[in-house]
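There is one chain below, alone, in structure tokens, taken in the form predicted alone.
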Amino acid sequence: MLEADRPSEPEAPLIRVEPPGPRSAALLGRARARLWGELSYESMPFVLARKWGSVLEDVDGNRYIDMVTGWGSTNVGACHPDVVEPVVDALRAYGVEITDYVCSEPAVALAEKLAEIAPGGLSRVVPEISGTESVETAIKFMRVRTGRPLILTFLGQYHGETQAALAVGSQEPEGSRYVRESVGGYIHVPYPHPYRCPFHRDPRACDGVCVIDYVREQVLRYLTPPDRIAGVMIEPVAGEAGVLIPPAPFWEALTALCREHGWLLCADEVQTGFGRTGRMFGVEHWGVEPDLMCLANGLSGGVMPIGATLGTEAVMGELHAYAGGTFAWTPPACVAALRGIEVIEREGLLERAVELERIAHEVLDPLVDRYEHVGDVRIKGLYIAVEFVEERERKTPAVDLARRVHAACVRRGLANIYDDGMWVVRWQPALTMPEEMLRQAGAIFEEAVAEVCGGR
């Protein structure tokens, strides 16, 4: 479908009644009575009726600019017709089938396409249903291939919700309560973060190599010999931790360390993949060629759940390991993934993400100078975070300010990502978001910051 043939983005934001409106309030009450208690929906106080493009509409008729994008799943925009319509046809043709046992043409075509666009020598593909499972599979392959038990990973990363995924990750202590005691084999070191350098270097001087120095001088000196480490699990940009962007020298030092000791390098691209950072995959910014790569979210085309673990021939060829599952790579999900990739390539969405990144810098970077409580703005492609602090010098995390800024945005029709207890508000807009809508989002965000943090 040509751009001109598509329905235009509906008017947004459009707030008819302050959220939660009466219908949303009633449905949220029912949800809280029956869904798991952690699903309180305090950060997003409305109930979705429909979404399209870069717009969410709630059951009370309010419309919001969508910076959530299904947690980075609708990179090509919500309900893109060139993805949805072929998937509907595939559902009628295939329904559900287990790709682990019965092969289908869409599964073969998707495996070939992923091998074509993946960086370096990633030529083998394991079908999975989500990012969590793709991480679990990568861990299995690292250990089985090397015969080594330990995984080196980084503090603050998010890798999923199963026991192993929680163990390799480390977002916050409560999230892994009872996990650390029962699931071992992981060594966590600081993630490179110049604004809050874990070794207290000046942000302008921190190149991230201090983290690798710590591994060499402390971990390998006091904790474990290098031949016990199977590999390294890393997010190219640590999203849930606040869009932390490693400097280029860090990547050079990390890859050299892996080569030196025979460690496999796994890039968790579940959230950074498929254009989120302005490249098809985040590691491409630094010329990194991983041995394994985890995919999900943006792979879905914004329509069907799907994940994948990619590996080199040396890692995955003729290796026995249990992976996959009943609902991994149903044929309709493979069609969604193929069509989503096709849209990214045909519509030049990687280039468009770079242009939208420029606008994001234009509207958000000045906030650091204008508002004392805006400590840092971090942007890589359309992976965006604004960090709030109580005091500029001490960088004391301002959790309440961030929460209030997010709430003020929602009241104005801007749906951000805000995790309870964090001092960061995040955006991950669709690569198809209209430029003027992104500028409008920036203006709304500044209004909210001014309301909560005081004038300029």
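Numbering starts at 1 and follows the sequence shown. All of these numbers come straight from a predicted model, not from anything done at the bench.
This next part talks about the form predicted in complex with a small molecule, which is not shown.
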item	value
In the model of the complex, segment of 85-93, 155-163, 243-251, 274-282 with a heavy atom within 4.5 Å of the small molecule	155-163
Among the candidates V76, A333, A296, M293, the residue which, in the model of the complex, approaches the small molecule to within 4.5 Å (heavy atoms)	A296
Of T132, T255, S104, S123, the one that lies within 4.5 Å of the small molecule in the model of the complex (heavy atoms)	T132
Contact of I344 with the small molecule in the model of the complex (heavy atom, 4.5 Å)	no
W71, heavy atom within 4.5 angstroms of the small molecule in the model of the complex	yes
In the model of the complex, E128 touching the small molecule (heavy atom, 4.5 Å)	no
Partner contact for V270 in the model of the complex: the small molecule, 4.5 angstroms, heavy atom	yes
